[in-house]
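One chain follows as structure tokens, the form predicted alone.
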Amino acid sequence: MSESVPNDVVLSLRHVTIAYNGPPPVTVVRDVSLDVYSGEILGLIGESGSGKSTLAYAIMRILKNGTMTSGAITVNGRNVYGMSAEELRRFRWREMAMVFQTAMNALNPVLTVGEQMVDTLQSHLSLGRREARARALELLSLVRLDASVLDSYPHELSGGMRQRVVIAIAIALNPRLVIMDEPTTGLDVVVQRTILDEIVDIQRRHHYTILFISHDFPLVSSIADRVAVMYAGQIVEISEGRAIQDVGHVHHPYTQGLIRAVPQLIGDEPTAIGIPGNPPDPRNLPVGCAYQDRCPLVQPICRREGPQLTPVGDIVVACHVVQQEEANVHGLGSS
């Protein structure tokens, strides 16, 4: 029997495992279960190579050289991997859409912005060209772009303008789920902040559900309702967005490391404490916890058994040490 999904869940991942094709196959996402609720922004963070983008491509069913070897992905109650190619074509952009990492690569360089937006609209809606163009102008206004952008080519726009265009195309059909994969990568901090503010404003006004993927810890924690932390292909913590920046809060040791790695500008000199070592090779993961060789709290059990995601206070965490400390506080530990 399949696990039930609550009615207010827009995106549901159940025990998703993904491998890149071999030989031999390399598992890069391992047994991920996660729900994203209606109207929320869920941040997904982790170092490069942790599996974040791979998970996004699997949700959109656009994996290249990879296969979802087990698990289930549903969007709005529909099994993404149970659809035919035509059903999936109609489902994308109407029900789920994606903003890709590099806007220049996501846009066709030989077509104007207007041509690309009109084509997207007419491919999914019964609109004449004039109606589609009017809708495209509405969308550009929504992301604070001038009407003249409609007749511009991508190379004529700045990086921030191109990213706004990609966001406008992603929300063109009012999908319930929008996946944003590093949507501000390569932009300067001022433009980045402006686009983030616009994303939050659009989300609040139109109640989109957003999966926001990034390796930029402060950026994600500033806009997300909840944050899921990914390490070596697994979710190791899920926390409230407002609590994820607090180093004094209960967190997975990896999350604590991410918090400490953010430069602190208070004091005589900026300080940042990097996480020692490197993520493990997915082809040769250690037995037990994948974070063990970098963890300052590692215990013998960490080298024997992989921890499971377990509620601890107001977070969900996969860490033997944190779970044992919580049990000791409540008198549940072994004597």
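All values derive from a computational prediction rather than experimental measurement. One-based numbering along the sequence shown.
The form predicted in complex with a small molecule is left out here; the points below concern that form.
Among heavy atoms of residue 215, some come within 4.5 Å of the small molecule in the model of the complex. The small molecule in the model of the complex is approached by residue 28, whose closest heavy atom lies within 4.5 angstroms of it. Under a 4.5 angstroms non-hydrogen atom cutoff, the small molecule in the model of the complex lacks residue 39 among its neighbouring residues. Not displayed here, the small molecule is approached by residue 51 to within 4.5 Å at the level of heavy atoms in the model of the complex. Distance criterion of 4.5 Å from any heavy atom to the small molecule in the model of the complex singles out 101 from the list 234, 256, 76, 101. Heavy atoms within 4.5 Å of the small molecule in the model of the complex belong, among the stretches 301-309, 64-72, 288-296, 31-39, to residues of 64-72.
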